[in-house]
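One chain comes next, on its own, written as structure tokens: the form predicted alone.
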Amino acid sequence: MTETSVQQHGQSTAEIGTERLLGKGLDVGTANLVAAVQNTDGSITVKLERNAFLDVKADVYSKAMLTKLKVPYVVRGEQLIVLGEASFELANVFGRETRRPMRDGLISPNEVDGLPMIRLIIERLLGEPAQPGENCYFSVPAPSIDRDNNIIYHQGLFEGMLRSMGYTARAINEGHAVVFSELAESDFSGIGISFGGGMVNICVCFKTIPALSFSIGRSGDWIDKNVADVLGIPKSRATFLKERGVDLAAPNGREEEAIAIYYRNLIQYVLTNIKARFESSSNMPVFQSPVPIVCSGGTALAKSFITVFQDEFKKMKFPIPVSGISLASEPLNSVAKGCLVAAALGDAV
């Protein structure tokens, strides 16, 4: 589990010696789960864990190896279940695929063990509420324009899970959370885009009020699947290659070239659909001045991502004036931080 603070990297809130203010934010992502909490000194502690697990045979050797390496696991019948980042690392070592509790931005209907595993990870990230009923705002995807993604069941599952952990659970759209996190200097007006693992979420906001929210059913997992198919490698290997570091503007070798090709295609597809959705909407706000676009999410971490995004943006006539295109200061943490802002505001959101 990765934990960071603006004060001290890798230390918990207790170790820093501060008390928590009420309210927590939780990014429920397809690829990663991220929790954010603000300390009394104004710093923010963020904890991140990969949203995945791997089953290993529960023999004496495996238990000893995992214990020695300090790999987190739980015993489930005759299996050891390795959680989070460690499951991804082991999957790459043994040429296996991790098991994923979520798919395409929602809880996976094909992974029967997914819900209890994701709960274990969330419990480790959030801990207990500072007081009963503490606010916890969690991210949910917006309705998709290119696939069926009814979020009612998904949202209800996580509301119930967080309530049973002692929190007052509130859902917030993922793109809206990006606006809260990144666009304070523009009075929370602009376009927040979250390039997650399963989907891309977009929110157009005017002074905190979401005017238009929707999602697109392609993102990081779509890149991984297609790269794996064309290269003839496991999907987990394609994910590893992508996350290892690729310069999208100057790919090196066949593997990086494939990743760069699918990245550019994804960005083209997203921008084309955003433009079409804006042009077909009857309730778009009229901005008096150009507004910013900010991109976040793990898929946006690739080197030269914003350069490629800007290149593709210049090729089309966008329906609203844009002042600039930027990357979130901490792309992986942006949604969780936005959820934290919403939790602090409470019922005002």
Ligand SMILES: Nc1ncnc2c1ncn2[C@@H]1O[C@H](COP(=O)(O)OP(=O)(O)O)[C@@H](O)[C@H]1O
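This is a predicted model, so every value here is computed, not measured. The first residue of the sequence shown is number 1, and the count goes up from there.
Another form, the form predicted together with the ligand, is not on view; read the next lines as being about it.
**Student:** Does at least one non-hydrogen atom of residue 243 fall within 4.5 angstroms of the ligand in the model of the complex?
**Tutor:** Flag for residue 243 set to yes.
**Student:** Residue 295 versus the ligand, in the model of the complex: is there a non-hydrogen atom within 4.5 Å?
**Tutor:** It does not: once the ligand is placed as it appears in the model of the complex, residue 295 has no heavy atom within 4.5 Å of it.
**Student:** Going by a heavy atom distance of 4.5 Å, is residue 134 a contact of the ligand in the model of the complex?
**Tutor:** Outside the cut-off, so no.
**Student:** May I ask you to check whether residue 239 falls inside a 4.5 Å heavy atom distance of the ligand in the model of the complex?
**Tutor:** Within the cut-off, so yes.
**Student:** Does each of 29, 32 and 198 have at least one heavy atom within 4.5 Å of the ligand in the model of the complex?
**Tutor:** Per the other structure, all of 29, 32 and 198 touch the ligand.
**Student:** Want to guess which of 91-99, 163-171, 121-129, 217-225 is within 4.5 Å of the ligand in the model of the complex, heavy atoms only?
**Tutor:** Among the candidates, contact is made by 217-225.
**Student:** Looking at 73, 158, 263, 188, which has any heavy atom no more than 4.5 Å from the ligand in the model of the complex?
**Tutor:** None of the other options qualify; the answer is 263.
**Student:** Though the ligand is not shown, can you say which of 54, 302, 291, 46 has a heavy atom within 4.5 Å of it in the model of the complex?
**Tutor:** Going through each option in turn, the one that passes is 302.
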